[in-house]
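Quick setup: one chain, the form predicted on its own, written in structure tokens, and binding and motion questions come after.
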Amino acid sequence: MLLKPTTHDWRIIAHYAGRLIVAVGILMLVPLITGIIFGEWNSVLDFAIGASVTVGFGLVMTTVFPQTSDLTTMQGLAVVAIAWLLAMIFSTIPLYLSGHYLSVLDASFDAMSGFTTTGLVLVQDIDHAPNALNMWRHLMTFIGGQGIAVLALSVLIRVSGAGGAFEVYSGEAREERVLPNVARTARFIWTVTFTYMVIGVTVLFAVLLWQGMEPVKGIMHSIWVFMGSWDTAGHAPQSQSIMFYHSFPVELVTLVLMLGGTLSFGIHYALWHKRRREITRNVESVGFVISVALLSTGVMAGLVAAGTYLGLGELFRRGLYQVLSAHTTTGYMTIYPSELATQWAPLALLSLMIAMGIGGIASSTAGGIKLLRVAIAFKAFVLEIKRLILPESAVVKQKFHHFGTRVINDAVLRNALLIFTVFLLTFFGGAAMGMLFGIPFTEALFESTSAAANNGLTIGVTSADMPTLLKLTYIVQMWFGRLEFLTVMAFFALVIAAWRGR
């Protein structure tokens, strides 16, 4: 029997969702200041309106519904689900006002794509977009990669009680508390991010200067490309993505940043504290290496057989780069989308889609099913084989290393298989929707997988002229995939309980 949520429940949810939205509104000051620096006064007005409306709405929610109560699990999950939707809605305001979107829905699509670090875009004429707009497009991915709640728990809000903080934190599909206190964990995540940001931006800036880019443009592009790479988001300031730079060094730097972004913050914490063996023992990092090796072999074999690219250099820059971009769910491309549709052999395309679907490592900036769940499913399969061939009296256990030795039990396996199954259903459900509009199965499945796994690689389906219903489908897929379904399901359960509960 569903228990009907009380008025008190809704007041708590509204209060804390309002706090998170205030954080989003405050961050709109960054592109506003960028616009002032570059004299982009139309953009300044756009973001002044956006920030005022967003902060105003958040303050109304927190004032009208004052709370000091701690959050329950259901309330915390609902706060996160609602906050991500509200973040999309309010971020749409300055995007649409910029004039670079054909409709409010297109601007909403890009806002959700940014916050979920997906990277599929409907923006128009991005090559001539103002710096303020580009700053917000990339800042959304930067916020989303670490998490809206992680940002808020770090510096902008206080959630009463450690339990309430953890419910908000875990609602963004994060399970690891690398430090005992959730707020301290959130601050550690930002410490790691800003440390690598200094290094990554410096290296990218040096490379772009060396290639002859003007210094001011170089520093802006370095910041934006870092955000797109580290947060495995794939947003780029130019329509040609990473191809715009025609630079092997830029591609190498982005590869390193993508790999860094797909490592969990738990692994980063272990490395920072010189526990380097964790990366060679952790089931996810080991599984990532094995998966990349197998899928890269599939891609290379398909490309070589088809004669798509000639020479190891081209295979690396066009083939392996796409595999790593897909597996880390970054979505940067060194080829045109049409090449995937017309020049990649079926084996290469299938391997790339599997990489997209699996995604990166849990509790990182990456999306997808996650290596941890794939590893658990594989080890459970091995466990069943052992049970079949060993005597019935034998006690069989299957262990794996994930920040310590863990044993596969029914609860662990059930959780992994549930999310695994729901992801697969979402991939094929989105593909079916695409096929309703006449898109061939392969292209429809590719784009659906990219949206639900928060990947951003495109085979050419995503465009401003695609059907409205397909845009809405991808928005929902991006939202579901980023929060890994359970948070959104908990929110819908709360809504159903309010309607039919007792």
Partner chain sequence: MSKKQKWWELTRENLETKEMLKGIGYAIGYAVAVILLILVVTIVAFYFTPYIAEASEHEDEITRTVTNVELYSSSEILDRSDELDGRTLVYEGETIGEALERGDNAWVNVSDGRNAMGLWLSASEAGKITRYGDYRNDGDIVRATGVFRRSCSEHGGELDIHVSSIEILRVGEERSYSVSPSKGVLAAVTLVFLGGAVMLNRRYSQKSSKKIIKRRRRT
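The structure displayed is predicted, hence computed values, not measured ones. Residue numbers count along the first chain shown, from 1.
The same protein has a further form, the form predicted together with its partner chain, not shown here; the description that follows concerns it.
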Hey, of 409 to 417, 324 to 332, 107 to 115, 281 to 289, which bit sits against its partner chain in the predicted complex at 4.5 Å between non-hydrogen atoms?
409 to 417
Would T62 count as touching its partner chain in the predicted complex under a 4.5 Å heavy atom rule?
yes
Quick one: is P130 in contact with its partner chain in the predicted complex, heavy atoms, 4.5 Å cut-off?
yes
According to a 4.5 angstroms non-hydrogen atom cut-off, is Q343 in contact with its partner chain in the predicted complex?
yes
Report whether the minimum heavy atom distance between F265 and its partner chain in the predicted complex is within 4.5 Å.
no
Looking at S103, S338, T297, T195, which is the one with a non-hydrogen atom within 4.5 Å of its partner chain in the predicted complex?
S338
Which of the residues spanning 73 to 103 lie within 4.5 Å of its partner chain in the predicted complex, based on heavy atoms?
T73, M74, L77, L97
